[in-house]
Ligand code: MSP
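Shown here is one chain on its own, the form predicted on its own, set out as structure tokens.
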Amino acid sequence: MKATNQKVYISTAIDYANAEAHLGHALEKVQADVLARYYRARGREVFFLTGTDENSLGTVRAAKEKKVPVRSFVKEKSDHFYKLREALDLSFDDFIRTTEKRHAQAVQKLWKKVKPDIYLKKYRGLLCSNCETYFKKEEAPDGCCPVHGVKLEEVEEENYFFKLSRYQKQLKKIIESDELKIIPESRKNEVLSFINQGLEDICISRSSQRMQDWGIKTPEDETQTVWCWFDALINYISALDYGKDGQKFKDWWVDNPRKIHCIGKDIIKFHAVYWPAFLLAAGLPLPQVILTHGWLTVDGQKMSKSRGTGVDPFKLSRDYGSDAVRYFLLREIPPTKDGDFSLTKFKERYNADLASGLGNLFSRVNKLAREMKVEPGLAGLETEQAIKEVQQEYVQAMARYDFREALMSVWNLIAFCDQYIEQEEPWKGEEGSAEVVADLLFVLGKIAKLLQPFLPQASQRMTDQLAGKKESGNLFPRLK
């Protein structure tokens, strides 16, 4: 593939530091990691960011319940989320915490930039302390947060507001034209519908007293704390040294058009409406793509620790390996839709595709290669054509951010190899058998490269064994 020095900036949403990670958090991280590894393999310079959101009222309350200092509590939770790096074999380049000095500097700087669009007024509304979002009565007829299911609190305060309404026409034009591309199309339509209903100005601060003096104070007014969403969204540029006008910010945000946010469907409004509006008000470039995944569900309900439906990604990785967890999330779960998890489904997918599919093929071919003392050779015309077709399908799928289709194309190549073995029967040792095995080894090398963004450990083991560096053993032992 032709190398290019074009930069690609990839970010995930940052996780609330008020609970532990579940498999739903892992889905987003793994999708972003696949993109990062894929673009690096194509010769592009990548900056991959993730992190934790630590300045919400929900975090303060969670710390109080545990009877520990808030700062110690968020440090413990942030460290917990950082450990997903090893559990899921993630390759992020930076991990931002919203309690860091570089972040606070960036938040206060952006606040000052958009100050002409900020004003003070008294307000009463229904607030969800979990997501720090105000809802209208018609948006929550049962008095509960439509996302978290918790009872909404009626709050009356004097706060700062941002003139979101001023940017309605501009946002609509940007999204309709795909200047800011929202994937999938259904989420784009959802955002446009929200905008067409009429944008109202939004509250972007909370009283410091109610926030119990936790969070980032608004510039020039110690009585107010920056709303956690205004605060959190800025992580995408605070990690690039926006707060001190660093060269990194110029290189990766200002001069780089390729900026991808990977987020969940429940926070699309914040990323596709509020965040672009803040950037427009500050005169800063917008992201290019907002890639929106669905929920990971258990029995049709969004996975949640508080509801007792959380699946521990650390345990799953320890028991079955990070590649197996990654494969399930990428192959079983539609990249932009909801997908259901069960351990039964997980094991079935593992045995069918990893143990009996890839693992079995790799083991059979390598056994034949050792017996015949064969090394990878140039593929025959039929095999070469199969490789080219799969590579084309793979690249097209990745251009659509369709991880599942990309993996399915690789498994089509695995199926081709299985059929080729059965057709040629190289184990009989007849004339031409060595060439067949050499052909198969060559294809396995291509499969290893295609799998590198998805299954980095298995890919490396395959590459090492094909190069004669070491025996890989059984890639994926069958589960009972």
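Residue numbers run from 1 along the displayed sequence. What you see is a predicted model, and the numbers here were worked out from it, not measured in a lab.
A second form of this protein, the form predicted in complex with the ligand, is not displayed here; the remarks below concern that form.
Using a 4.5 angstroms threshold between heavy atoms, A281 stays clear of the ligand in the predicted complex. The ligand in the predicted complex comes within 4.5 Å of a heavy atom belonging to W295. Taking non-hydrogen atoms only, V74 never approaches the ligand to within 4.5 angstroms in the predicted complex. In the predicted complex, I290 stays away from the ligand, with no heavy atom inside 4.5 Å. Note on contacts: among W111, F92, W229, W253, the single residue with a heavy atom within 4.5 Å of the ligand in the predicted complex is W229. Note on the partner interface in the predicted complex: the residue among E100, D266, D201, E332 having a heavy atom within 4.5 angstroms of the ligand is D266.
Partner contacts here mean any heavy atom within 4.5 Å of the ligand in the predicted complex, and among 22 to 30, 36 to 44, 433 to 441, 62 to 70 they occur only in 22 to 30. When contacts are defined as a non-hydrogen atom within 4.5 Å, none of L84, V311 and F314 contacts the ligand in the predicted complex. Shown without its partner, the chain has no residue in segment 154 to 182 with a non-hydrogen atom within 4.5 angstroms of the ligand in the predicted complex.
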